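So this first bit is one chain, no partners, the form predicted on its own, shown in structure tokens.
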Amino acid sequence: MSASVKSLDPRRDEIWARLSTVSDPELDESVAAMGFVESIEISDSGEVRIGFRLPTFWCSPNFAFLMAHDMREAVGGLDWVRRAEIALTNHCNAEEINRGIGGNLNFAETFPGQTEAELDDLRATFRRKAYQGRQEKILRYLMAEGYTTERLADLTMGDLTSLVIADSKFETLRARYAEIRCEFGGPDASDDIAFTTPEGDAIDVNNFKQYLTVLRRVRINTQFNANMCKSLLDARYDSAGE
């Protein structure tokens, strides 16, 4: 079932809505939009089983683990869900990942002796890239609307929130940027500068062109990887034919 299609069971729609908030950390695209969710099973007692698949048999286990963990947390947060089970299929580490997620183990416990690192640093690295990519998109949109570099550098979150542009694309860009903005540089207060570096510094208007080039490079790399993953998934499972 497509995430955009309403089902007869409202519980399925709630689950799809939660899954739409879970991103592939490397791609900054939701598991629902990427087509990674293969099946949803709901029992009368409120037990949910999510089947998911990835583009290749050897997709990175750390990303697979993060997605499985985040899906379980997102779906398990629904008040009517008694238990959320995540089942990865057709993956070289599916058995280990399913056992680890089902047993509430962390990544190092799931792969003992193979890694000493947890995934917080990896997640932070790709959230930084997501921040840069989302910022580049909305900056370029506003520049096309006539906003100068100086005006963009002075915008606060309150200003950005109150902008009236009758375009659903802008609404999407703004919502996605606002969602991640609060993770960088403090709370999402209305008087905070809207566009800062990932470190929380103000954008240097004298080097804005170079700054935008860096953002574009990050965004294009992420977008290329997402498109490649979609193509591999379609080829592996003939999703287009489905």
Partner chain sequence: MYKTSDGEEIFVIDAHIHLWDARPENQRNVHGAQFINCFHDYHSALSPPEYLWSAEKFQYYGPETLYEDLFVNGYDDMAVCQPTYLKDFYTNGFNTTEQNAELLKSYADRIILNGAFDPRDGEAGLEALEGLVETYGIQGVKLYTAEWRGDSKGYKLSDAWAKRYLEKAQSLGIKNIHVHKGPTILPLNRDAFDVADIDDAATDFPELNFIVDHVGLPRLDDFCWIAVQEPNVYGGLAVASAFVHARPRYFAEMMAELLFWVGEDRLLFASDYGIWQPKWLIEKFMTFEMPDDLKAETGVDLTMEGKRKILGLNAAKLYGVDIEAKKASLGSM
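All values reported here derive from a predicted model rather than from experimental measurement. Positions refer to the first chain, counted from 1.
The form predicted in complex with the partner chain exists for this protein as well; it is not shown, and the discussion that follows is about that form.
In plain terms, the part of the chain that comes close to the partner chain in the predicted bound form, with a heavy atom within 4.5 Å, is 86-94 out of 86-94, 160-168, 146-154, 70-78. Contact annotation for Phe184: none of its heavy atoms lies within 4.5 Å of the partner chain in the predicted bound form.
Although the partner is absent here, Thr213 sits close enough that one of its heavy atoms falls within 4.5 Å of the partner chain in the predicted bound form. The closest non-hydrogen atom of Phe111 lies within 4.5 Å of the partner chain in the predicted bound form. Not displayed here, the partner chain is kept clear of Arg12 by more than 4.5 Å at the level of heavy atoms in the predicted bound form. This chain appears without its partner; in the predicted bound form, the one residue of Ser39, Ser43, Ser190, Ser60 with a heavy atom within 4.5 Å of the partner chain is Ser60. Against the partner chain in the predicted bound form, the set Arg219, Gln223 and Ser231 is in full contact: each member has a heavy atom within 4.5 Å. Of the residues in 155-175, none comes within 4.5 Å of the partner chain in the predicted bound form through any heavy atom.
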